[in-house]
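Shown here is one chain on its own, the form predicted on its own, set out as structure tokens.
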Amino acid sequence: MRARPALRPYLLILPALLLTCGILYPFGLGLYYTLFDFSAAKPRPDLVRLHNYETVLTQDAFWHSAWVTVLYAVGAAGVETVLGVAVALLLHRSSLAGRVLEKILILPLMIAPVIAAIMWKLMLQPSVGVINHLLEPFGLGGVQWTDTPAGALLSSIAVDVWVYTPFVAILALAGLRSLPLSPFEAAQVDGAGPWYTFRRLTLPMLWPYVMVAVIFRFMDSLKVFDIIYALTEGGPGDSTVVLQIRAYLEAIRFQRYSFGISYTIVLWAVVYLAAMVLVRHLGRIQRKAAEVSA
């Protein structure tokens, strides 16, 4: 009986410890496999140490995929942030339409990204798609949305924006509703206009919430797979082959397992470094927001 209180902290951390082991074991196993040349054609691999990483980092295909990944992540996260904040500002006004739209806003988040991409793929068909049918009266019908490199990338970003903009909007709306009222009341007494209030009070105090949304969306966009693969399968050519799809092609389609895992480890390092930079920036933004609200 006396030992139970002493064991309680260990019992409380046991689920987190099991989850950590479940994450670290496959990660460590993947690191181990990258030190060999394991593939379907070579079931008894040789130790090659860092040769897989050297090959990955010296390939033109890697740098092309890295460039496409950065373009996708910056474009998707940037558009979603701007649209999400704009939608949150519109919904922040207390009205019946705002409350109804707030409920409808979460519908794209309830759809699996793969299903959303397939749905948009059908709508973007040049001959039978509903998008070209709606644009035809304006002289914009017959557009080859996913048949050109630029169009395929922009279409993939558009689907990502449609799916995940509600996430940014809901997070920004929660931030708007949690802002202290006293600074706004003081600004109203001093005769500050709406634009001044937004620029000097609302936006600086809202930035931490927006930055959290940017961190989540930018990290998720860097490792995107489902939307692009379901919409374009990396085509046309390799114009939308991001790092995740490149890793899938190497490991699954070409059955070069160690080489494909090396791509995922490099991508993990990129996401980790980007997260470190953004989280540090978030700390500075939070301090500035605290000064504004004080």
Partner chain sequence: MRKRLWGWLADAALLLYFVFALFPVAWMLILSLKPADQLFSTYFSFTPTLDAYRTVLGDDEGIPFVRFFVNSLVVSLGAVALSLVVGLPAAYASARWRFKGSEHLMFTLLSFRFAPELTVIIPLFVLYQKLGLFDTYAGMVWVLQLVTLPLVVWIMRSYFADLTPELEQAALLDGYTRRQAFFKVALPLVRPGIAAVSLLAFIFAWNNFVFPLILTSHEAQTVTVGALSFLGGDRPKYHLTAAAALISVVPPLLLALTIQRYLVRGLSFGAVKS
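These numbers come from a predicted model, not from an experiment. Numbering follows the first chain given and starts at 1. Throughout, rigid core stands for the largest set of C-alpha atoms superposing within 1.5 Å between the two forms.
Below, we turn to the form predicted together with the partner chain, even though it does not appear here.
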- Should the three residues 244, 247 and 265 be counted as contacting the partner chain in the model of the complex, with contact defined as a heavy atom within 4.5 Å for each? yes
- Looking at 183, 149, 108, 204, which has any heavy atom no more than 4.5 Å from the partner chain in the model of the complex? 108
- Would residue 145 count as a contact of the partner chain in the model of the complex, using a 4.5 angstroms cut-off between non-hydrogen atoms? no
- Quick one: does residue 153 come within 4.5 Å of the partner chain in the model of the complex, counting heavy atoms only? no
- Item | is_contact(residue 75, the partner chain) in the model of the complex, heavy atom dist at most 4.5 Å | no
- Task: Would you please decide whether residue 140 lies within 4.5 angstroms of the partner chain in the model of the complex, comparing each non-hydrogen atom pair?
- Result: no
- Query: Judged by heavy atom distances of 4.5 Å or less, which residues of 228-246 approach the partner chain in the model of the complex?
  - Reply: 229, 230, 244
- Message: On a rigid core superposition, would residue 273 pass a 2 Å threshold for CA movement between the shown form and the other one?
- Response: no
- Query: Cα of residue 283 displaced 2 Å or more between the shown form and the other one, core superposed?
  - Reply: no
